[in-house]
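Starting off, we have a lone chain in the form predicted alone, written out as C-alpha cells.
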Amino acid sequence: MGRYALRQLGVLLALLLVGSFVIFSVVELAPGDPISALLGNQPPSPERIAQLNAQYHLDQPFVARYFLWLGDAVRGDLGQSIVYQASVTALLAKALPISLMLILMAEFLIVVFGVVAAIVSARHKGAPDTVVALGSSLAVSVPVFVVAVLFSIVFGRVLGWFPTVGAGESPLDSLYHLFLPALAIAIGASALLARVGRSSLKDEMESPHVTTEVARGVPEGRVFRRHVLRNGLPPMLAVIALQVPALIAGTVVVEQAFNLGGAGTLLLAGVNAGDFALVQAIALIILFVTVTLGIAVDIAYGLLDPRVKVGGK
C-alpha cells in the first residue's frame, strides 16, 4: 500500500504538471493581445508597455514564462486581475468559499438522493422501481440552467420559500441562501447516480454468493448491507468523482442565475474580458481538485471492493 501510494503521488504530480502546462499554453496562445487587454484605455506609451512586459514576464521566452508562472502559483502568487485590478489570490480568497460551500452542499444532496433512490429501487420492485427509473431518466435530460431558472421562479419568487440573490452573510445564512442553487445542481447528478447505483445493486443482488446466502436463510437485510451494498458502492463512488467537473461547470451557470458572486462568476468575467491571470488561476484550481479527487477515488475503490487489489494490475 505504501509503494502504491507513492506511485499514485507521482502520477498526481505528473498529471498536475502536464495539465498546468496545457492550461498555460491554451490561455497564452489564445487570440488577442495581452498588452492591449492590460492597457485598457491607457495610452500605449513605450514606457508603460515595457513595464507590463517586465511585470507579466511577456519579454521572456514561452517556456520560461510557464515556469515563472508555475513557480509564482506554487508560492501562492496567482497574478493580477485585469478586470478587478486586484490580486487574483485575494479575489479567490473571497469567492472560493462560496463556490466550495455550494459544491459541497450539492455533493451532499447528490449522495443522499442518489444512494437512497438506488437502494429503494433495488430492494423494492414495482411502483418504487418504476418511479425511480422514470424520474431519473427525466431529471438527467433537463439542463442545469433550466432547473436553476425554474427553481428561482417557483420556489423563490412565487412561493417565496428561498432567497434568489446573494450567498448570505453568516455561515447559517449562507446555508439558507445556497440550498436552492445546490438543489438545482444536484437534481441531474443525483438522478445519474441513482441510475448507476440501481443497476449496480441489482447486479449484485443477482450474483451467486448473494442468492446462496439468501437460500441459506440469512435475512435479506443483513445480506444487502454486508454484501450487496458494499460491492455496489464502488461504481457509485466512481460516478460521484467523475461528476465533479460537471458540478463545477454547473456551478458557473447557477452562480449567474442566483447572482452568488463565487469563483464561477470570476471565471466568466475573466473569460469575457480576456483576463488571462484570472482564468489560468481558476483553471489550475479546477485541475488540482479534479485530479486529486480522481486519485483518491482510485485508492478508495480498491479499499471498498475486495475484488480489486490496491496497487495491483
Partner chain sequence: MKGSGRRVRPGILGWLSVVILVFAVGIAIFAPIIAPHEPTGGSILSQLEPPSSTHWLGTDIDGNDILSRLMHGARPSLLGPLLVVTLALLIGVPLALISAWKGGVFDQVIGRSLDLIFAFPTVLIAAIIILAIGRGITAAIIAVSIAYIPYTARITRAAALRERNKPYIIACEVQGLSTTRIFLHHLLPNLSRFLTAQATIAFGFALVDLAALSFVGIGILPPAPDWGVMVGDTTSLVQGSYTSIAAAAVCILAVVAAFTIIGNRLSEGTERR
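Positions refer to the first chain, counted from 1. Just so we're clear, the structure is a prediction, and the values are computed from it rather than from any experiment.
Absent from the display: the form predicted together with its partner chain. The rest refers to it.
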Notebook entry, point to check: Which one, V116, I153, V131, L175, lies within 4.5 Å of its partner chain in the predicted complex by heavy atoms?
Noted result: I153
Check: Which residue, L104, A93, L138, V120, has a heavy atom that falls within 4.5 Å of its partner chain in the predicted complex?
Finding: L138
Checklist line | Per-stretch contact check against its partner chain in the predicted complex, the hit in 144 to 152, 78 to 86, 175 to 183, 96 to 104 (non-hydrogen atom, 4.5 angstroms) | finding: 144 to 152
Next item on the list: Give a yes/no on whether F276 approaches its partner chain to within 4.5 Å in the predicted complex, heavy atoms considered.
Entry: yes
Notebook entry, point to check: Could you tell me if N53 has a non-hydrogen atom within 4.5 Å of its partner chain in the predicted complex?
Noted result: no
Check: Is L267 close enough to touch its partner chain in the predicted complex, meaning at least one heavy atom pair within 4.5 Å?
Finding: yes
Note to self: With a cut-off of 4.5 Å between heavy atoms, is Q60 one of the residues that contacts its partner chain in the predicted complex?
What the structure shows: no
Check: Relative to its partner chain in the predicted complex, which residues of 235 to 258 have a heavy atom no more than 4.5 Å away?
Finding: L242, P245, I248, A249, V252, V253, Q256, A257
